[in-house]
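In structure tokens, the next block holds one chain alone, the form predicted alone.
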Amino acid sequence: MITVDIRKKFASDGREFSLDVKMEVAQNAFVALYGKSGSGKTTLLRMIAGLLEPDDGVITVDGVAWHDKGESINLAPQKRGVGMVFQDYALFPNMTVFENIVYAAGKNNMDWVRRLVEAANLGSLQSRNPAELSGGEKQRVAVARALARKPGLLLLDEPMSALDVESRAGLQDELLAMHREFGLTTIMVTHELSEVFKMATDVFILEAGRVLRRGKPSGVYSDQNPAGQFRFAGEISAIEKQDVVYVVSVIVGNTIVKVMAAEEEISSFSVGDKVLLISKAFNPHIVKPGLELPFYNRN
């Protein structure tokens, strides 16, 4: 069990910001930290990792204090047993894929390295340097390297934000598989609502440095609407064909949400259209305002 009860004040972009978060994360959970840019998600992740010190409060993991301001406890990042994956990969450019993972695991753990290479589907890439890899491939290496020291807690800071739709879907599947295979507890920062529903067992919605809502994704979003739906107003920014389906990008606030749709579903839509993003039973749809009733029975 991870228990977080922390506070932090700092300035960002010329304004003062205050983070005040209380949360509990069960062992083996896959938690999503969801919210707009500037809501405090990455700051919270960095404080759990030990890269940033809270002004006050405690962080405990399985009863062991990682940070306790009152007791002057603040474990260094390397003593927290955390694996962390950033947006920018942070791979060693002069090392091969295999060497990047060996560097983190140690040369006495070659069997473990080979298992990670297999789990991350990197077998055909292990002799390549990072410059020869796609963005999705680099992130798979970064995840494997983060797991090299066998952490109990994996922290992901928007690891798929720069990937195309196909690479994103593939990495999501591999992350879930590794999360389950290695019995991890995972906390992931994301802007993508689809990732929350696909990957997370629990979601914490942050707004202005505080937890606005928390719980299972289906419960958190269905609680906002008696019909069991979540709905957001947005604007279509792009419509792209991917194989036999279309990917519709919808701007919702400061977030772009991508939704899969069949050709007949998007035939009446154009870039710039104002739409509603509505979902029920984990199946998101895009509809024009006022036309949602034919799609869903509210009774």
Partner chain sequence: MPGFDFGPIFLTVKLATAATVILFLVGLPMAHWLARTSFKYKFLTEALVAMPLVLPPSVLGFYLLVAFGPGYGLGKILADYFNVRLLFTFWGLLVGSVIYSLPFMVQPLQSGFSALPNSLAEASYTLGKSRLETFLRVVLPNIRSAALSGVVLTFAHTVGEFGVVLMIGGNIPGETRVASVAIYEEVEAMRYANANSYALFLVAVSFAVLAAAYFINKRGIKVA
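The structure displayed is predicted, hence computed values, not measured ones. Numbering follows the first chain given and starts at 1.
The following text describes the form predicted in complex with its partner chain, which does not appear among the structures shown.
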property	result
Partner-proximal stretch of 114 to 122, 86 to 94, 162 to 170, 182 to 190 relative to its partner chain in the predicted bound form, 4.5 angstroms, heavy atom	86 to 94
Of 128, 214, 210, 149, the one that lies within 4.5 Å of its partner chain in the predicted bound form (heavy atoms)	149
Position in contact with its partner chain when the complex is considered in the predicted bound form, options 58, 245, 252, 51, heavy atoms within 4.5 Å	51
Contact label in the predicted bound form: residue 75 to its partner chain, heavy atom within 4.5 Å	no
Close approach of residue 104 to its partner chain in the predicted bound form, 4.5 Å, heavy atom	yes
Contact flag, residue 140 vs its partner chain in the predicted bound form, heavy atom cut 4.5 Å	no
Residue contact check: residue 258 to its partner chain in the predicted bound form, 4.5 Å heavy atom	no
Residues 46, 82 and 145 all lining its partner chain in the predicted bound form, heavy atom within 4.5 Å	yes
